[in-house]
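One chain comes next, on its own, written as structure tokens: the form predicted on its own.
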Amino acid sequence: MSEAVTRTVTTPPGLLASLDPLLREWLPRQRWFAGKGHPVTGFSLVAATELLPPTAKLGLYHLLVRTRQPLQPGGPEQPGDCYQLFIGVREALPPRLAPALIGHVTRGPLAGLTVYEALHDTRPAELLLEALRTQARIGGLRFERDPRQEIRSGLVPRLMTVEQSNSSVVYGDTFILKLLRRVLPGTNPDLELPLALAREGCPRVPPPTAWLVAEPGVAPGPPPTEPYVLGVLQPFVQGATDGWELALRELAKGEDFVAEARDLGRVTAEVHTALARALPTVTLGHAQLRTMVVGMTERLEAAAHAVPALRPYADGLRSAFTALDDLAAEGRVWTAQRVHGDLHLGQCLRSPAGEWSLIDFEGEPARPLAERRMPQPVVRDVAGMLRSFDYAARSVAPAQPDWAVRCRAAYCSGYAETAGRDPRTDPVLMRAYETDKAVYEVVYEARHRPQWLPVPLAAVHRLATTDLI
């Protein structure tokens, strides 16, 4: 193994001020920016690390910046999210990097230079892998790795273009480095859970090879108590197809997806079983369920206020939550454990050999980190996958709801084969979780993809009028 590299760095004063006007324009245009709809009025610097000093050819800065955004026009500024940025610096961009342009700096320490999204550039991406390989410490950044796994040097990087909430770089079809864009101090489940599963020897989740963290106290002011997890390097499943693409392909050909759905159910149960061995489980009684039901009900009320099309169904949907509360009040208890938290077909990869893997254990990024790390009934993940089958079946013309019904049944059957318990035997809990997910989908589609709104509304109609899954 290469010897670890430790390097103390300094960053020029006024760096963020010189980038501020360019970042205000560029950041809201990024697909992973979560604050769309509210203008960025400024930034505060959480941390800045000079990874390559700016020269005539290339410089590289790693920034953690917190946005300031008013919630209403003319209203007071509110502290926003913290984002991880990789800022490349050149005198001029070659044509191949034109899509990565952030802008031309007119003042401050980088005046006269061009800045750009550095992950598009081969050299900065290579530097990140080398830092992970050598377990470098650069300023407040720690590049850590599993010493049992080899990282070869010289792997050619390429930035993936299909990411939404994060960014990923593939190295020579050997590794994939997922870089979190919106970051928080604390243990991120996207590293925590795959590490736990690797310790259990679970083959269904690629084991973390290396990871990048920022130490607490890198920012001025009171330091956070835990580091920021910034990125995770894992083996790349070469030639894999994600479950969403595969399902749409089979739908287009008129082929069934029952066998694949059953396999996915088995794999989900296998991962759940390994997580229950690796991490503590808890029992949820009425008090805990009551808190959960209140949260679901509040999300429904907010959604009905925001999306008028949901209002006719509000009473029927609310009954899904009150039925769960009533069952808990009668003394029913449930086991909760760590789960995936945002499971759907797009989070499943099938290798050319036909083996399934689950990826992206970050959970729903919009939810607080502490909530994403809470134990949940496994039905939460099951409900997410059932909703995904519905989405696939209704994304084609004409819609094929019977296809979804068959897939849902096969998935639950496969889950039962491995777990020893069929999730359909708990219909009240299943209906509550699927209803909560459908309500979330209604709000998302109304805001971002109105043409897709009929998909979750079809589920809303079913869930509001029946307690069957």
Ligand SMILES: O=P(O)(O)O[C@H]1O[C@H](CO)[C@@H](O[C@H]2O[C@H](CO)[C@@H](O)[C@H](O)[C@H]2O)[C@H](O)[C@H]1O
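In this text the structure is predicted, and so the values were computed from the model without any measurement. So that there is no doubt, residue numbering starts at 1 and follows the sequence shown.
Omitted from view is the form predicted together with this ligand, to which the following refers.
Against this ligand in the predicted complex, the set W244, E445 and W452 is in full contact: each member has a heavy atom within 4.5 Å. Listed residues F33, Y440, W26, F43 were compared with this ligand in the predicted complex; Y440 is the one with a heavy atom within 4.5 Å. Checked against this ligand in the predicted complex, the residues D81, E117, D342, E192 give one hit for a heavy atom within 4.5 Å, which is D342.
Although the partner is absent here, T268 lies well away from this ligand in the predicted complex, with no heavy atom inside 4.5 Å. Of the heavy atoms in T134, none are within 4.5 Å of this ligand in the predicted complex. None of the heavy atoms of Q376 is located within 4.5 Å of this ligand in the predicted complex. Interface membership of W356, defined by any non-hydrogen atom within 4.5 Å of this ligand in the predicted complex, is ruled out. Contact with this ligand, judged by heavy atoms within 4.5 Å in the predicted complex, is confined among 96 to 104, 327 to 335, 385 to 393, 147 to 155 to 385 to 393.
Along 165 to 190, a non-hydrogen atom within 4.5 Å of this ligand in the predicted complex is carried only by S165.
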